[in-house]
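As structure tokens, one chain now follows by itself in the form predicted alone.
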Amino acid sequence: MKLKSSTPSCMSRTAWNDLEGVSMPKDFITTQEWDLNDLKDLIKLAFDMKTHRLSSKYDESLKKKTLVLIFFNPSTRTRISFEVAMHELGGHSIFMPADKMWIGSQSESIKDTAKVISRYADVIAIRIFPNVTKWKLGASHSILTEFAKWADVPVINLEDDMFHPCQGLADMMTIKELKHSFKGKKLTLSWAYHPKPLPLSVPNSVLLNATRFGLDVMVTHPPDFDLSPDVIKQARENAIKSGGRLEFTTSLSEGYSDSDIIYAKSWGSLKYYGNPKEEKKIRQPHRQEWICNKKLIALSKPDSIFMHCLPVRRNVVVTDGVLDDPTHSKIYLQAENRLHLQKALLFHLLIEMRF
């Protein structure tokens, strides 16, 4: 399947320096496009929906509303959580594998697809990984924003090659639930070994959200695994505005030391992006050292929490000892909060923004 977008930028269709303080509620492409207070309100609503999940407070609130899920790639948590979210709010979801649709450069244009689905459904959600666009940096994100450009209903980013906003905001909800506040809390975003290169979507979203909410962020990774320069630039501006800190290190011990939150995630090297053979040469030497284990967790605070977006390769990216540690590991709560946050997002886009 070949897709072509007319939006060349690897970022969103709105320039970074125009985003801060501007609320763009129609779509949920990146959290950076939303006003910070709107994001905080979403988290508050998510907590209320979590508290009242077994009550009738929000039952039927999305009655006769339809969500179309377009997936170019596999999914576990994202698909299930959105389908359950629509069901619990009284709405309906339709799952559409992209390879079963007339979409692509040799069939139907993105414009026509988006316009037609907008006549059928109330909201569109799309997942598209970099393999679909042959690992051209930002190309998957551009396709997703192309959908948002032409759609007449809200478009939600379910993860592209640059951002995973639903995961990123649910992560902030989890930190708020467990740590109660963001100020003065150190979050370590740690690169971890993985046998193949992965997109930068999750680490980008973690970095942007954590700095925006005022956490003190320490990013630790091996040489040649820097994150996107434009994302780092925006994260620095976020940290200045929020009163948090942003630091980088190539030392695991420095990164993990005295941390309140450990977030382990692998990502590919920009230096060899789209060139897996060459990237493997610089990735393989880190296989033994850059695995999150109990020795590293011991460097953090006694009440630190461990987070990972899942799926995770056990004893490759993170050891069983960390993942199954009842004191530190919060991966299942983190996954659960995707449901509550997404219910709040759907309610906001389809109900609150209509009045």
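Numbers follow the displayed sequence, beginning with 1. Not measured: the values here are computed from a predicted model.
This protein has a second form, the form predicted in complex with a small molecule, left out of what is shown; the following refers to that one.
K.L.:
Can all three of 194, 224 and 276 be found with a heavy atom no more than 4.5 Å from the small molecule in the model of the complex?
P.N.:
No residue of the spot touches the small molecule in the model of the complex.
K.L.:
With the cut-off set at 4.5 Å between non-hydrogen atoms, does residue 317 touch the small molecule in the model of the complex?
P.N.:
Judged by the heavy-atom cut-off of 4.5 Å, residue 317 is well away from the small molecule in the model of the complex.
K.L.:
Should residue 174 be classed as touching the small molecule in the model of the complex when contacts are defined as heavy atoms within 4.5 Å?
P.N.:
Result no; residue 174 lies far from the small molecule in the model of the complex.
K.L.:
Heavy atom to heavy atom, is residue 164 within 4.5 Å of the small molecule in the model of the complex?
P.N.:
Close contact exists here: in the model of the complex, residue 164 approaches the small molecule to within 4.5 Å, heavy atoms only.
K.L.:
Are any of the heavy atoms in residue 185 no more than 4.5 Å from a heavy atom of the small molecule in the model of the complex?
P.N.:
Residue 185: no, not in contact with the small molecule in the model of the complex.
K.L.:
Counting only non-hydrogen atoms, which stretch in 306 to 314, 286 to 294, 36 to 44, 62 to 70 is within 4.5 Å of the small molecule in the model of the complex?
P.N.:
Heavy-atom contact with the partner occurs in 306 to 314.
K.L.:
Looking at 113, 269, 190, 78, which has any heavy atom no more than 4.5 Å from the small molecule in the model of the complex?
P.N.:
Going through each option in turn, the one that passes is 78.
K.L.:
Tell me, which of 260, 122, 159, 146 has a heavy atom within 4.5 angstroms of the small molecule in the model of the complex?
P.N.:
The residue from 260, 122, 159, 146 that makes the contact is 159.
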